[in-house]
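Presented below, as structure tokens, is a lone chain in the form predicted alone.
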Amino acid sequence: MTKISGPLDIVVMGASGDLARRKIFPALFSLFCQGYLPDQLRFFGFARSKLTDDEFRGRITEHLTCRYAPGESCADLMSDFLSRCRYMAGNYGSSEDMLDLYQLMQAEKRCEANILFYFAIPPSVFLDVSRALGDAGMIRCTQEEPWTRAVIEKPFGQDRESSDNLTCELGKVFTEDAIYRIDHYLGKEVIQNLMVLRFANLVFEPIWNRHYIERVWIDWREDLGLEGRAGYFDSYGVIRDVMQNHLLQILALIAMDKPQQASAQHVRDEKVKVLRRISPVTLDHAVLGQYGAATWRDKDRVGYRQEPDVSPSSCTPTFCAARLEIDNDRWRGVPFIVRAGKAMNAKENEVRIQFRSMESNLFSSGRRTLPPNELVVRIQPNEGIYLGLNNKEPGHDLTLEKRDLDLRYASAYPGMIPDAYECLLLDVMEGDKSLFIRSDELEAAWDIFTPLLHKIDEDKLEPDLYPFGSYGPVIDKILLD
């Protein structure tokens, strides 16, 4: 990887918030320490909070780490990084305040710079900020240098209609080429390895289909409640927050056909094709849940409806399991079980590819059928890839057991594993959109869940109750063929 060329200004909208302080600026500092960012580089924070430059720098410093710059060099690099940071307070929808930001950016400017806008802000103000930036004349409509690019965090709307409206309105300010819809899961090393695992290893692709694979699980579990996010979560729920974006993106990488090339366009073309072959989820193929009060890990935990700022009659699901079916020759008849839940028994995100059992084999006569092979991709925690195989136990008897061949990232790659935001931010600067979501991809993803979401909202469907710290509701009804 080479140094990014050309002068660069990075503007973080919502710079005083948790996302900016805990993720964006630490990722930028990591890239700075590794020498990827250009010499002519400046950072600008914009938010409603009244802060001086020094107060802003102090907030950033709390979350910067020296993992790429050990020893005495870290202090020098941190001082250099912070000296490039400026801050301005203002209203997100004010073109006058954006003009003031523009004047700040023009100060001591030696030449025209590329501009990267990062929207670390609530979705409700995406359009306000975009229009104010456009009115202030800060947006360039060309992708030739000097360029303007905007990184937008999910959720991208609340259903297909609102997503289409957001895409349309953003398109009046930014070109589609300039919009980078970020899903940080796609920056995780294990997720990026899915394509390599499939298409760079002859052993997998011939059996990556319905003839050899019986079922695919995509699981996301979190062992926390709302943690102060009630205002956001109660408006969106776990389907919009996790399933429609993170988990569908993982599914698309698992299920897509082989792209003609490893380019952004060809990869995203194949993802769109497979998403469009997934039928919309119905209530018959979904289980909704909401966590209730329980004692877990020696502490009394409140239920979702007892959380601060949550209505005592809220029907927002904190758990959902859905059976997705792909109507194409590769996957017809193979259920993809996508499951996500908060306040569960563990923090874990993984993919399980369950292969079919062997119809007959040398070792199952007179005994139960051998366990099927299983490929597990562990995304977090303890990233790794595991292949479950049947093996003979050492000894004189022919005793079989299932064991994993494992690739644990921590032991296989003892060096630094880049944070997802580091990878994605670098891709934005290089103009690589392979790991970002295209507008037609977003449309296809919303089409899968919008009918179910409308049904939940209109009928105020009562979710199944499950105790805080449990494995969630029973989902047997969606597992039956």
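Remember, it's a predicted structure, so these values are computed and weren't measured experimentally. Numbers follow the displayed sequence, beginning with 1.
FYI, the form predicted together with 6-O-phosphono-beta-D-glucopyranose (BG6) isn't displayed, but the following is about it.
Within this chain, Tyr180 is remote from the site of 6-O-phosphono-beta-D-glucopyranose (BG6) in the predicted bound form, having no heavy atom within 4.5 Å. Using a 4.5 angstroms limit between non-hydrogen atoms, Arg301 is distant from 6-O-phosphono-beta-D-glucopyranose (BG6) in the predicted bound form. 6-O-phosphono-beta-D-glucopyranose (BG6) in the predicted bound form comes within 4.5 Å of no heavy atom belonging to Asn391.
6-O-phosphono-beta-D-glucopyranose (BG6) is not shown here, but in the predicted bound form it comes within 4.5 Å of a heavy atom of Glu222. For the candidate spot formed by Arg215, Asp269 and Arg276, no residue has a non-hydrogen atom within 4.5 angstroms of 6-O-phosphono-beta-D-glucopyranose (BG6) in the predicted bound form.
Comment: 6-O-phosphono-beta-D-glucopyranose (BG6) is not present in this chain, but in the predicted bound form one of Trp208, Phe156, Phe126, Tyr185 has a heavy atom within 4.5 Å of it, namely Tyr185. Screening Tyr102, Tyr409, Trp147, Tyr232 for any heavy atom within 4.5 Å of 6-O-phosphono-beta-D-glucopyranose (BG6) in the predicted bound form leaves a single hit, Tyr232. Judged by heavy atoms within 4.5 Å of 6-O-phosphono-beta-D-glucopyranose (BG6) in the predicted bound form, the contact stretch among the candidates 81-89, 342-350, 393-401, 167-175 is 342-350.
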